[in-house]
Each structure stands twice: as structure tokens, then as C-alpha cells.
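Coming up is one lone chain in C-alpha cells, specifically the form predicted on its own.
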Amino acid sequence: MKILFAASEALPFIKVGGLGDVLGALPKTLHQMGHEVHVVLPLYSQIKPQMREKAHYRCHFSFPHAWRDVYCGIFDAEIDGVSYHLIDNEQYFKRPQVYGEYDDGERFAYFSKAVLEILPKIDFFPDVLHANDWHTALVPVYLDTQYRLMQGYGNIRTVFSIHNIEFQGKYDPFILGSTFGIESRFLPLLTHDRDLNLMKGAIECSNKVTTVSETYAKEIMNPYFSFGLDTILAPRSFKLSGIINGIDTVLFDPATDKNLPANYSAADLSGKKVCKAELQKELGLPVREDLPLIAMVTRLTPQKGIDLFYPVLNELLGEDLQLVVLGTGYPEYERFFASFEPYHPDNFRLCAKFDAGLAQRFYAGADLFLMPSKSEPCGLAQMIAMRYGTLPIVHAVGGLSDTVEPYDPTKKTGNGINFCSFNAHDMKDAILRACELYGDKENFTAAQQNAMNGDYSWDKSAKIYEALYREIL
């Protein structure tokens, strides 16, 4: 099959969140399965120079969009057998940040149309065009409303993946023509709850809609999780499916990870003790093997369950444990966590930054990994943690429910600890249960080995995507 992915981020060029990881791994896996795979993404100024150098100029041209003609340059690269096409337009992509600009709607509408405009230029008309999240939600919309009758476009089938339904691309209907270049007769296609809703348009137009775990696919048909789109998704459940993400098991391998002070495996965990001691030293904590070290690598936002700490953090830090947090986000959350460091210098640290190498050392050096997310479409951190033998403590929602099985000491099955209600004291109880398990070395080691021996690769998921593509063809 010929498959084209359209996305706002993709490793190895640019990553802001989990979408970048998915678009770095899934295309590569599909190529290894024998498919011809291309990826289109913006040529951001944030792409590191060494990666920009891998992309070579192909051509430039202009195309009509809304009320004007716009410039489009194409730079090509091939990495691990996957063809990448980076869309060059400095007006839109030479910005201080990837997301969060005042004109994101206009920027990504331009990009979505450019995805379709470049197909004749790169001489690649895919069998399946796979768009991702609201940034490329207009790709299937533009395809159906403006390109279907043009040569080469008629037989393209479309898949749209929802990685996080909270962000839908909502705008004033007044700008349908001036910003998005869509005729007013298509307004009902994109209107939901009196707004233009780009994600709603993609759900309407795509042949299949996927999300990133089976449980999340069910959850988003419930108003609590859907952010208003349950009334759109429920009647279209026939086209919705959930496919769990994988992780790059070569990149995330404690036996070969060069970021770690010592390597280790499920068969020999001695290196993990070294990683724990070195992380404690790096963070200025007492080196104590007898205390469980609990880590969080997270964005400090409400979705990640940070509010649960307000009633119980002081109580938790009175227990025999160490807690370390790596991440940035809402300033009030950063201030909240930072306020506890002076009072608990021996068992709490906040690292308010993003540091990929330090994140790897958190995954390897910790004993337990905390993810109390209010909602979690899939989650990759819990799978990375398990790969490193660090048992996850999770709120059992979305992909966390699908990937973390509570450890059963009688059967020696399971790979983590969970709690089922979004409640601060239930989270605290789960943490204390995990600390109790840490004190039972035989069962804790069995749970670690279960976690490390799990299959978190993309192989199984990629086969499900392959079957989905064949179904719509």
C-alpha cells in the first residue's frame, strides 16, 4: 500500500508531545512491513540544524488559498526508508513556538491544504491518507470539498486519528471563507455547538476514525471525556476504533540506553540499583535503597491529575518515600510543588524543565512511576517506565487501563498498581500500596520482570492499522 501521514509533529524532526513519538515510530514500522510510506510536516524553525541538513530542497510554487495565493516550498528527506516532505513557509513556521500562536487556525489550515497541493509535485498519490489531531483535521475536509474530482485524488481513502479530543480546533464561523477558504455551503459540515469545529469536520469526512486506545474510544462517547463531541461520535461509532500506541523499543532499552550510568535487563537488575543511587545523588537526595523512589515525568496541567496533590502532598511526604517530579506547565502548579522543597529536602524534588536525558534517568532510577491522569488517551510514559522496570501507579482510565494490570501476589501476574476513582485519597492509597509492595522484594521483583518482559513494540498495533487500511480500500 501507499500510505501518507499528515501531522504537525514527527520524530526525528520535531516533537512536542506524544504525537511526535507516534509519527516517529508507526510510519517506520509500516515501512518495515513492506509498505511505501510518506510523512508530511511543517518545516519549523525549531527543527535542529543537524536535522534540517538532512532535508534537501525539491521545489517551490504558489497555490490559491482563501482570498490570496500563498507560497509553498518542499524539502525532502529519507530516513529509515520513510520519505519525509517538509513544507516551507516562514510566514507560518518561523515562529517562537510550534503551537500557541495567535493564528494557529490559519497556519494549520494552510498546512492542511499544502498536504494535498504537493501530491503532484512529489509524484505520490496515496491509497490511504492518515491525518492526525485538529492541526490536520482539514485535510479530509479539503479533499472531499475541493479535490475529489481532480486527477489522482478520486480514490484516496482517509483515516483521522484523535490523539487528544480536548483540542478540537474551534473558531468563529465568520472566518470560514476568509481564513479557511471553504465555501459557505459547507458550513453545516464543520459547525458544532455554534462554533466551527475542525475535528468535527474530519470525523464527518474520514472513512475511519481512530483513537489511541480501546478504552479511550469508548470513553469519548461519554460527555465526561468527550469535550462536547460525544453527540457527533456516538452516531458514527461504526467508523470509530481504538488502537493502542506502542513505543520505540530500540530507543527505550535499559540494556543499551547511553543516557544511563549503568545498563541492565530483566535478567540482571543490578544496574538499576546503580541508576537509582546516581539519580539520588544528581538530585541531592540521600542515597537510600530502603526507601521507594517515586518519579513523575509529566506536563503540569489539570489533565495530568496535578490537582489531586493539593489535599495529600504534605501527608505523602511524611511517609517513608522519596518523590521526584520532572516537568513544566501551569505556573501555579510549579509554584505549588516548589513550595514543598524547603520543608522536605530529603524526600522531594521538582525539576521544572524539560530534559530528555534526565527523563531517561528518571525512568531508570525510580522504583515507581506515578501517572494520576484525569484522562489519558493512551499514555507512553507508563510503557516506557515498565520497559525500564519501574512499576507504574496509574488512574485506570484510557490507555493506562489498557496497559497496566494490577499486580496479583498470589498469581504473580500484573505489572503495576492502579486506582479507579479520580480522588486524592484513592491516589494516596495506591501510592502506599505500591510502597508496601516495594518492601516485599520477592513480589516486587516479580512485578518488575513482568513489566520488563511486556511487549510494548509497534508490531501488533501496526498490523491492526494495516488491516484497517485494507478494509477501507
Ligand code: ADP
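Residue numbers run from 1 along the displayed sequence. Just so you know, these numbers come straight off a predicted model, no measurement behind them.
Omitted from view is the form predicted in complex with the named molecule, to which the following refers.
Checked against the named molecule in the predicted bound form, the candidates Arg194, Lys353, Arg185, Lys258 yield a single residue with a heavy atom inside 4.5 Å, and that residue is Lys353. Shown without its partner, this chain lists Thr298, Ser401, Thr145, Ser226 as candidates; in the predicted bound form, only Thr298 has a non-hydrogen atom within 4.5 angstroms of the named molecule. Not one of Met1, Pro27 and Ala131 places a heavy atom within 4.5 Å of the named molecule in the predicted bound form. The named molecule in the predicted bound form comes within 4.5 Å of no heavy atom belonging to Gly201. For the chain shown alone, Gly379 is a contact residue for the named molecule in the predicted bound form, at least one non-hydrogen atom being within 4.5 angstroms. Contact check for Tyr363: a heavy atom falls within 4.5 Å of the named molecule in the predicted bound form.
The shortest heavy atom separation between Gly327 and the named molecule in the predicted bound form is within 4.5 Å. This chain is displayed without the named molecule, yet in the predicted bound form the stretch 381-389 from 266-274, 381-389, 75-83, 91-99 comes within 4.5 Å of it by heavy atoms. In the predicted bound form, Ala359, Tyr363, Met371 are the residues of 357-375 with at least one heavy atom within 4.5 Å of the named molecule, listed from first to last.
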